[in-house]
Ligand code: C5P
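What follows is a single chain, given as structure tokens, in the form predicted on its own.
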């Protein structure tokens, strides 16, 4: 069996805000625990490419890693060029859609090069079996089976990892071992609102399932005390790593 790390997953904070000023203010408020951030479509569209350097360096307390979550889905040549530009901007992670196909994913990997890792989005956490079946045009009884099928495509195309819900993370880890990193979005602290997500887990659950990264958004950024919420996420990730280690050694 391939070696599977039991190191704690890294928490990525979603900067789902409409301006650079709001993003930098949020990073400053969260402090040192916020060392990896997500720039998604809202912020990137509002502020442009310069936002990446702004959030990497804007808090004056070190350089943060950036996950550029644009979920690219286009013809291979266009995606290759976009991935090349993303790497040049300083993004460490870049997302593309699995449904773009193997050739498109390979183009993204080629464009991103060594400086930026490509993560392939399998099935959005806002989708359940019914809605996914509507998209696919056929009945879907098991979302996990679709995620595993698309994770195979990602691996064969040379992607560094996949994006999937915590509900499927353990199955992906069991299938691919250390060959794929796993990013789990839609993570909520226990008792938190799920909003528009349908397949959600806690930080500890994601970590114990084998996640490499988790993305936390409103559960932290919308909290009354965001820094305390972020600290709670970090503690939960540590607990999840311990559970996974105990499971591997038991």
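Positions refer to the first chain, counted from 1. Just so it is clear, the structure is predicted and the values come from calculations on it, not from any experiment.
Keep in mind that the form predicted in complex with this ligand is missing from the display, and what follows is about it.
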Answer with yes or no whether residue 16 is in contact with this ligand in the predicted bound form, where contact means some heavy atom within 4.5 Å.
yes
Whether residue 125 contacts this ligand in the predicted bound form should be assessed with a 4.5 Å heavy atom distance threshold; does it?
yes
In the predicted bound form, does residue 216 have a heavy atom within 4.5 Å of this ligand?
yes
Please determine, with the chain shown alone, which of 28-36, 179-187, 201-209, 47-55 has non-hydrogen atoms within 4.5 Å of this ligand in the predicted bound form.
179-187
